[in-house]
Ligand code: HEM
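For reference, the chain that follows is the form predicted alone, supplied as structure tokens.
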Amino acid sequence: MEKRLLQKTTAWERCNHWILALSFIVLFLTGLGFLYQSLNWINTVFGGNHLAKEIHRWGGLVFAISLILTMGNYFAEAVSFTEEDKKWLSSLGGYFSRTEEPPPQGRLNAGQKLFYLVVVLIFGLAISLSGFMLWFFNTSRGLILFAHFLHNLSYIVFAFAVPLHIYLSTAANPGTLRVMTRGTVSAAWAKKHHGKWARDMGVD
């Protein structure tokens, strides 16, 4: 079983994932430079404040398009919560217990579904929409204040959620990173982390 590899992501899913991730990194760094005066030096890496502002705007457009495209890959599955998903959430996936075994999960576990729907989709759309409001509709003071609030709130959510996502997909769960590098996982890994999906793929 250990030698068998299962295809978990397509080349398109991986490509779009990295476009989303890399555009986020650029936006996060330039955003830090704009948000904190003491970190304004970061934007010198991007050619100064004026060029960094343009990069931030167009990088936001890339991020927004990539975000919308993820819906074709994950949305239908993410909104399909099962009884196993509810039990997974009630036990927090077994992350805080050495004895409790979470129920077998599908291709996406309940935590991944929730992360995608809330953090990636809701706050991703919020930060994109507020960014476009600041870009194109910056004549109304009330609208600008609201857009800044929504943009900064979403920024804070991403600042906490993304490092956690990186940790859970690397150090916390060895073998997970290859899902977004090679697209395949071992049958043993699939059986351990996504037992229901593994069974559907013919893993005993």
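When you see a residue number, it is the position in the sequence shown, counting from 1. Keep in mind the model is a prediction, meaning the values are calculated, not measured.
The form predicted together with this ligand exists for this protein as well; it is not shown, and the discussion that follows is about that form.
None of 169, 152, 44, 138 but one reaches within 4.5 angstroms of this ligand in the predicted bound form through a heavy atom, and that residue is 169.
Within 4.5 Å of this ligand in the predicted bound form, a heavy atom is found for every one of 25, 112 and 177. Within this chain, residue 108 lines the site of this ligand in the predicted bound form, having a heavy atom no more than 4.5 Å away. Using a 4.5 angstroms limit between non-hydrogen atoms, residue 162 touches this ligand in the predicted bound form.
The closest heavy atom approach of residue 18 to this ligand in the predicted bound form falls within 4.5 Å. The closest heavy atom approach of residue 116 to this ligand in the predicted bound form falls within 4.5 Å. Of the candidate stretches 169-177, 31-39, 50-58, 141-149, only 169-177 has residues with heavy atoms within 4.5 Å of this ligand in the predicted bound form. Residues of 180-204 lying near this ligand in the predicted bound form, listed in sequence order, are 180, 189, 194, the criterion being any heavy atom within 4.5 Å.
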